[in-house]
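Just the one chain here, laid out as structure tokens, in the form predicted alone.
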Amino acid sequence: MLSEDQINEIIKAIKDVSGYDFSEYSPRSFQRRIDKIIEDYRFDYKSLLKKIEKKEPEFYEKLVADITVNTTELFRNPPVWHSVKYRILPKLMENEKVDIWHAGCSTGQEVYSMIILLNELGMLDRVNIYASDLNTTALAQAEKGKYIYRFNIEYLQNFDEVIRKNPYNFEEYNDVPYSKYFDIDQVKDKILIKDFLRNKAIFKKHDIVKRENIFHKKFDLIMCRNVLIYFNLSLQSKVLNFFYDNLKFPGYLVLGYHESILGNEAIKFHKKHYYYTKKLI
């Protein structure tokens, strides 16, 4: 295990050559990722530092991809999506236009979950979908909308829970076929998102740590799930303030299933079910 000083040297080297700043990431999380990188690449501390300092863009982009955690799935945590479906989106239905941002979208399954849900609710034409991530490899896959079938088949059960079933009315069942939204080839082990879904979202590279609004608009709903847990408390606070400033009123914020808003930022949001609403303060 590397020392704190060695970790800080790696963080400084990455920032110097690439501009990516991991200084306010959770120390434990960052340490785990670096330990794994050293093991996978068969580096030691000095050889990793030397490799970073060579300023090879391809390497440090791969390094950033390895440091950042990219785990997502279709309709992850269905109870959260029930809140989106039955509590948030109905309140936005009367808006002439709705702007939604998926911050830290990873490989895009969550973005496509939202687009599917909007289509089922008849809202898709009135909604602008924006999605961003630091990891360029994950973003490229998100734009392609192509996934490995065997890794995603179990998540189709989430589709059933959110799209086909109604948790508030067990007699209701909407027989929506998977083929409406996916081209599934079990032989080739692929799931491909339909073109009309893939053409809806705008994907852009974005480093949320820098807290820049690259889309130059305020949002009705921000989805940022399982991102804040990798930041220290100071950075969490800064990012939550950034979200607050870039939400319309009333605006909605959805975090990860086990994430919550604590400290001074808690006074800026109302907690309701699995989401937050913006307060006027």
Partner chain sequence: MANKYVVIGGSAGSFQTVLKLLEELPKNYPYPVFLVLHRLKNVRSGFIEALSIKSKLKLIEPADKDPIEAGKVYLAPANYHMYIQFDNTFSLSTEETINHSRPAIDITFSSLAFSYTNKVVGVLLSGANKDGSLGLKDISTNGGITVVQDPNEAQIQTMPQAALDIIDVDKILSAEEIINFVTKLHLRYD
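Source: prediction; values computed, not measured. Positions refer to the first chain, counted from 1.
The same protein also has a form predicted in complex with its partner chain, omitted here; what follows describes it.
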Check: Only one of 104-112, 147-155, 127-135, 182-190 gets a heavy atom within 4.5 Å of its partner chain in the predicted bound form; which is it?
Finding: 147-155
Check: Looking at 216, 46, 28, 42, which is the one with a non-hydrogen atom within 4.5 Å of its partner chain in the predicted bound form?
Finding: 28
Next item on the list: Could you work out which of 238, 36, 62, 51 is the residue within 4.5 angstroms of its partner chain in the predicted bound form, going by heavy atoms?
Entry: 36
Next item on the list: Report whether the minimum heavy atom distance between residue 260 and its partner chain in the predicted bound form is within 4.5 Å.
Entry: yes
Check: Can residue 83 be called a contact residue for its partner chain in the predicted bound form at 4.5 Å between heavy atoms?
Finding: no
Margin query: Can you tell me whether residue 32 touches its partner chain? I mean in the predicted bound form, with a 4.5 angstroms heavy atom cut-off.
Written below: yes
Margin query: Residue-level contact is defined here as any heavy atom of the residue lying within 4.5 Å of its partner chain in the predicted bound form; does residue 226 satisfy this criterion?
Written below: yes
